[in-house]
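In structure tokens, one chain follows: the form predicted on its own.
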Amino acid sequence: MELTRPEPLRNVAYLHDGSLEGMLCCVFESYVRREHPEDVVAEQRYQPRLGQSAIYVSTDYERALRVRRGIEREAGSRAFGAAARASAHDAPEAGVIVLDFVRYVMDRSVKRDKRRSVLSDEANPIVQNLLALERRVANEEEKMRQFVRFSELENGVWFARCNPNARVVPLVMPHFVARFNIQPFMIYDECHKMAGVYDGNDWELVDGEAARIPARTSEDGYVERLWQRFYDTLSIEARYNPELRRHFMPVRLWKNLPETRPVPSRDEALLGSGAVLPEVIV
């Protein structure tokens, strides 16, 4: 029995689960259906266009692996890494940029010098767009490495919240695993509802919606005040530049940074720690 291919659609969007594997499956599906979708985006971030139809592409790890192997075979692991990092960005056009790049890499009619990396062709708009997106994700990774702050929970796990504009938790987890070594910790991305969890031996991604976060320890407020005092002590009032501060430390990250909150007075610090203030006799 001969299988018939579905009729290609013109005004169509491909939706996936938000993972890299889901994105690669959308690339695979575009070849199967002989379509070039207008949008390739995570289902939870999809904004439909006028008259546009949408197709949800299920994640199939075998298909995702086939796409990865094809990219690495034609352009090398560096090219796949660039595509994977670019696909993590929240920009609506990120999926189509990655799809265009994969099609360019796999197009055998394009004559390229095999001795040169495809990423060196920065004059090509397709490569240029991918590299620009990769740099934005790399910058977001660096911000997470700099501005993630951990709090100790009652179960002994160290916990951090973050709100990046890209799915960078899987990208920064190896850095924190190497740094914490045997200390269990958890990084929760409240924007993408995912968490990276390290148990002291290995780490994995879990659905943030299902995560149950224990309360902080009573001593954790003391560590937070140390951060505030440290930041306040190092600051130089005469050189205070709020615009430069917002440039290097984006305001969207401040809610998870204890050092951006005012340093409590001695009495406030004692009350926060549960201590009883001495009675003042007039």
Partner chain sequence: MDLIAKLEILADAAKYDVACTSSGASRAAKRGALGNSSSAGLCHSFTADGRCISLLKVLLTNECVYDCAYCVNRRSNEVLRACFEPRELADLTIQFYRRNYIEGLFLSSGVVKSPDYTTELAIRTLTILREEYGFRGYIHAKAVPGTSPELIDRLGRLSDRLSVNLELPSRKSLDLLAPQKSRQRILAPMRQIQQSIAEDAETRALVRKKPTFYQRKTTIARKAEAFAPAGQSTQMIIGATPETDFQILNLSAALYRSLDLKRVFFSAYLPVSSDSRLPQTDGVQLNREHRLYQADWLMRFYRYDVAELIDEKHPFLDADVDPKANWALNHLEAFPVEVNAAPIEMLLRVPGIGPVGARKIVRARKTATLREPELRKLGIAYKRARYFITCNGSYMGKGVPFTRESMRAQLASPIDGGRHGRRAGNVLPGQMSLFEPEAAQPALPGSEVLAQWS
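Residue numbers count along the first chain shown, from 1. The structure displayed is predicted, hence computed values, not measured ones.
Quick note: we don't show the form predicted together with its partner chain, though the next part is all about it.
Hey, in the predicted complex, is P48 touching its partner chain, heavy atoms inside 4.5 Å?
Answer no; every heavy atom of P48 is more than 4.5 Å from its partner chain in the predicted complex.
Can any non-hydrogen atom of V148 be found within 4.5 angstroms of its partner chain in the predicted complex?
Taking the distances in the predicted complex, the answer for V148 is yes, it comes within 4.5 Å of its partner chain.
N155 near its partner chain in the predicted complex, any heavy atom under 4.5 Å?
Judged by the heavy-atom cut-off of 4.5 Å, N155 is well away from its partner chain in the predicted complex.
Given that its partner chain is not shown alongside this chain, does G76 nevertheless sit within 4.5 Å of it in the predicted complex, heavy atom to heavy atom?
Output for G76 is no: heavy atoms all beyond 4.5 Å of its partner chain.
Let me know the one among V251, L226, V32, L65 whose heavy atoms come within 4.5 Å of its partner chain in the predicted complex, would you?
Going through each option in turn, the one that passes is L226.
Consider the chain as shown here, without its partner, and state which of R161, R135, K193, R103 has a heavy atom within 4.5 Å of its partner chain in the predicted complex.
For this set of options, the contacting one is R135.
At 4.5 angstroms, heavy atoms only, are S235, R245 and P258 all close to its partner chain in the predicted complex?
Yes, because S235, R245 and P258 each have a heavy atom that approaches its partner chain to within 4.5 Å in the predicted complex.
Want to guess which of 68-76, 89-97, 179-187, 165-173 is within 4.5 Å of its partner chain in the predicted complex, heavy atoms only?
This holds for exactly one stretch, 179-187.
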